[in-house]
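Laid out below as structure tokens are two forms of one and the same protein chain, each shown alone and named structure 1 and structure 2.
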Structure 1
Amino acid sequence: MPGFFDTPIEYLKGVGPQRSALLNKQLNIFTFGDLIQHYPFRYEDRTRFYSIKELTEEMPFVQVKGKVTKKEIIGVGARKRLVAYLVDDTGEMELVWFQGIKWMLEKVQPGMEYVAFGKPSKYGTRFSIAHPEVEVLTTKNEKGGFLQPVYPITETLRKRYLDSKALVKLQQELLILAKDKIHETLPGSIIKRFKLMDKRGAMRHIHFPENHQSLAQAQQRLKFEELFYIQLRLLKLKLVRKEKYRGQAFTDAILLTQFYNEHLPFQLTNAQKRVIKEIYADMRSGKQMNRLLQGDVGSGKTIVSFACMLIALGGNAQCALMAPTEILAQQHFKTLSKFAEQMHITIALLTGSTKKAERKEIHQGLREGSLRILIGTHALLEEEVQFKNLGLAIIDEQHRFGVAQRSKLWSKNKDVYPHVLVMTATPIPRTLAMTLYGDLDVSVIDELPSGRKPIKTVHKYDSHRLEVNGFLKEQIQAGRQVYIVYPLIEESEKLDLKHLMDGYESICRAFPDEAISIVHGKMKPDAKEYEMARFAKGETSIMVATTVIEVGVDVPNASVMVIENAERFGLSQLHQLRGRVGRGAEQSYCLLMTSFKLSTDSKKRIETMVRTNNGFEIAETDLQLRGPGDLMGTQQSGVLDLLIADLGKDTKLLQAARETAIEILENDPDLKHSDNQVIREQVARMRKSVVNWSRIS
């Protein structure tokens, strides 16, 4: 049954059909429930008045009161402005209007007392506020005393007189109607344990807080609730999957032991050993595995994936590994073929450019079961790719695949779902992993193989160009190869960036004796592959590229990465790019080139890169700087449409919400206890529109 909060927004006093259509289109506000959950993004502090003497330029917004002594129009044409002089006991300041002069001339009268609100600026010795909000001083407003909510709106709404102030009036109207309709959504035990504000109070104070304390309490309450229900849903899905979806039980590790003892050319790190144990425990349990494997670039995920394949092969099953690009698939194939051949295991590569005759052979081998490991790109998802018994599906750089694509691989075994291992070299901050992949088990390889030297990262300004080129020449003479990465392909009018072609020409001039490759997103795939292959074979010593190499080819001899206009890249992307070097035993370098003009955020990003090689630390900083936004291509997940919580800042709250949800589900998985009735009802009320993609990794 539709309830009060499902009422269409047009039925709220002050809205009507036209405004309703605007709110629908501009802010996705369709119902009373949508409006009441359209929270302010900041608050203007009207709780106190400042004297003119107290003003400083650093203050964001201030409220002053005083008498207007005179007003005058100064200047002509475009420079024309209205100035009113406001005086209090401590001094005089100016209120200035460049627009709406005619209207303000009538509104502001000398001899009257006013309250003015706005951003103070200083010209010479005198303070002024441009376009202040002004109202006549009354007994009601002379005490000040409230925090004014400011709502997210669009330019279109502002032009149609639906600004933040108009939303304030609508929220006031709605809160009067909704007062008795807001029900508690958390059990009393949780409210008491975390000293949370009640739901009705929280909804009132989030829109119209009496003071900073009541605002903080309202925010805490609503954030906790939002994170708690997200975690509850994810954990419930995980429980259901573990009960409902059985997997093949692979208990024979004889191939893995043989590989360890006879063929492994180096020692595994402790982190790799730990992760293999975790995966083996899943694969022998009889429940379908759904695990995320995180490991920084170069941490050795490929060898771990092969160890896991051996567990499945020991149980007479087949394995598939899907990579986002042909180059990456070929790289995996090259690495794993060596081991597979030593152990007499059949392995094949299937990509868009596999010849027809080869394809036919691969399809037949898969159906008969004689082909044990298949590595490939999206080509694995085609209808005619049919396995006899797919036991393990591994997806590399999983965020590069759409969810629907991943689900196709999932259904390649008709009898019992294959175990799924998704791998990523993009370090995911804990808060994001807990939210995005809260229903997956997560394994982390958090140490690099021994013998790898940390990459030295240096920040250089454009003025150091000659010095940098000299360093590159030294490295090339010593037999090393160099990547030079640019952010754009063609010049953008708005951004003053050296674009790729300019860069390529100047590099050709600076290195006339060197063979140079160029790769960018607008090239045809085969041309791109050809250039990358030349670089990989060592036929060219410099690779000029855009970020297409971010997930790309392994060239152990490439030991220098130059990133041009480094300030234009996100932190995670810089880290991914840097991971392209440092694959061999030689000392590797990453040079971050920037102009002198850097924003605060850019400085922080560059400093972080120079300071640390730790991908998880970098990801945490990135999350704080950028917010979760689309850090992981998360828009497809629907999980991150958060109304009020902020994963960059609310780590402790998220942890508490998750622990509480785990505790409740451990004691009462079906939420049948009377204490949990409130939760059960809220779960039923919550939007049913969330697509259950989580079963598909």
Structure 2
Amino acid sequence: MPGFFDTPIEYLKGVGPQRSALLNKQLNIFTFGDLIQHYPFRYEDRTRFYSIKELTEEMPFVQVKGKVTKKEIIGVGARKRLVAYLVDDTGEMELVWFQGIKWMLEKVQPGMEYVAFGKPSKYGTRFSIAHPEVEVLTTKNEKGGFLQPVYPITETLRKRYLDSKALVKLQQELLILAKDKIHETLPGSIIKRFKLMDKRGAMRHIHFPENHQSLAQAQQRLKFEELFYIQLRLLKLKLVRKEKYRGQAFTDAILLTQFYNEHLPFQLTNAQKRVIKEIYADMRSGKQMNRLLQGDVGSGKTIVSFACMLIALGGNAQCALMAPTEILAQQHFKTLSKFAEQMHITIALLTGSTKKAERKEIHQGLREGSLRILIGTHALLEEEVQFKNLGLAIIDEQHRFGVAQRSKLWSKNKDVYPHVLVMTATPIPRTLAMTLYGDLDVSVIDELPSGRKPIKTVHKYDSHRLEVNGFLKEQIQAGRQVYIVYPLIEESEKLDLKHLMDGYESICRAFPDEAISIVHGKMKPDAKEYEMARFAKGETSIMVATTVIEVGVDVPNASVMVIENAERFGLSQLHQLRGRVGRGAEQSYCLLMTSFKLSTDSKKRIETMVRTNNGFEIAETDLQLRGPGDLMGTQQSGVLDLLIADLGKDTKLLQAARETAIEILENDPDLKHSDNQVIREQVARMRKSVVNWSRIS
């Protein structure tokens, strides 16, 4: 039965069919429920007035009141403007209009008192506000007003007069109607324990807060609720799987033991051994494994993934490994082929560019069971890819795939779901992991293979290039190899390519005796491959490249990474690039080259890189600097489409929400207690609207 909040938005007073179509298209607002959850993204502070003397340039928007003493038109052409001088007890300031001069000339009269609202800026010693909102001072507005909500809108909406102000009117209308329809969605015990505002109050104060405190309480309440239900869903998913989903029990480690004794290329680290044990325990349990394997760049996840494959292969099942890019898939294929060959196990690579005939052969081999390991990109998810008996699905994802895509792999086996291992090459901050991977068990490789020395990272200004080149010469003479990386960002591709080529030429001039490789995205794949191979074999000593090498070759002898225009890279990208060196026994270096002029954020990024090699710490800082939406690939995940909570900032709240959800599910897994009825109802409501919920029942 559709409820009040399912009412089409068209039926709200002041909307109608035309505006309704606009709201549908521009803001995805279809129902009353959608509108009421379209929260303001900021608030203009009309609660108080500032005196002119108090103004600073840092203030976002301020309200001042005073008398206009004089007005005049100054300047010509584009500089032509109307200036009104506003005076209060503490000083004088200017109100300035470049547009609508005629209109304002009539509206603003010397001798009258006004309230002006806008962003203050300073010219010389004097403050001014450009294009302020002005109102004549009245007994009504002289006391100050509310925190004025500002809603996200689009340019199209603005042009069609559906701006933030219009939305304010609609929200007011809706809140009056909705007053008695808003139900509490959290149990009383939780509200009491965390001293949360009730739902009805929160909905009112999030749109029309009385003061800063009530706004903060409303935000806190709604954030908690949002995070709580996400966590509850993920935890419930995990619980249900553990109870219900069988997995093939792989109890025979004979192949793994054989590989271990005869072919293992190096001693495994203790962390690698521990993780393999954890995974083996899952795979032999008879329950489906859903595990996340985290490990910094170079921590040796590949060999661990092969060890796990051997466990499944030993039980006569097949294995699949899915990577986010073609280059990564190829790299995995190359490494794993070597191992597979030693063990006489069939293996194939399937990507978008696999030829039709080969594709057919692969499909057949998989169905018949003669092909045992399949490596590939998301091409693996295609309908035609059917296994005889898929026992283990590994996803190397660098958080690029979402929950939905992950679960697609499950259906690749008919009777029993395959065991699933998700590997992330980039460490993920805890809050993000809790949300992106809250439904998985976690293993961490927290140790690098022995003999690796921590990479020394230094920041150098472009003006120190001679000194840097001198250092590179020393390193090359000592037999090392060097990467020099240039940024390549799509918007300015041409310019970047020019920088790269210019850079290449000046490096050729500075190192006339050295063989130098160059690799960039515009080159043909085989030309790229050829250059990378030359560098890998040590035939060239310098590799000039764009970020294509981020996921490319593994050259242990390369011990210096120079990153040009380092200020233009994101933190996790810098860390990934740095991970290309430090793979051999030699001391490795990372040189971050920048110009003198750096933004605050760039400075923070560079400082962080210089300070630490710890991927988790770096990811944490990255999250704080950029917010989760911008972190590598998380946009597609869907889990992060949060209405109000911010995973970068609401860490404590998230922790509390998760702990509460765990506690509730532990005591009452089916949410049968009367105190949890509210939760059960809300889950049912959300299940209707969110696809993912349906998996739980």
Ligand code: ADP
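Each form is matched to the other, and the largest set of C-alpha atoms that superpose within 1.5 Å is called the rigid core. Computed from a prediction, not measured in an experiment: that's the story for all the values here. Sequence positions of structure 1, starting at 1, serve as the residue numbers.
(Q) The form predicted alone: is that structure 1, or is it structure 2? (A) Answer 1, the form predicted alone.
**Q.** A323 C-alpha relocation of at least 2 Å between the two structures, rigid core basis
**A.** Comparing the forms between the two structures, which are aligned on their rigid core, A323 does shift its C-alpha by 2 Å or more.
Q | Threshold 2 Å Cα movement between the two structures for L255, core superposed | A | Passes the 2 Å threshold, so yes.
Q. C-alpha of E184: shift of 2 angstroms or more between the two structures, rigid core aligned?
A. No, the C-alpha position differs by under 2 Å between the two structures.
(Q) Relative to the superposed core, report the C-alpha shift of T351 between the two structures in angstrom. (A) That residue's C-alpha sits 8.1 Å away in the other form.
(Q) Given the rigid core as reference frame, how large is the C-alpha shift of K338 between the two structures? Answer in angstrom. (A) That residue's C-alpha is offset by 7.9 Å.
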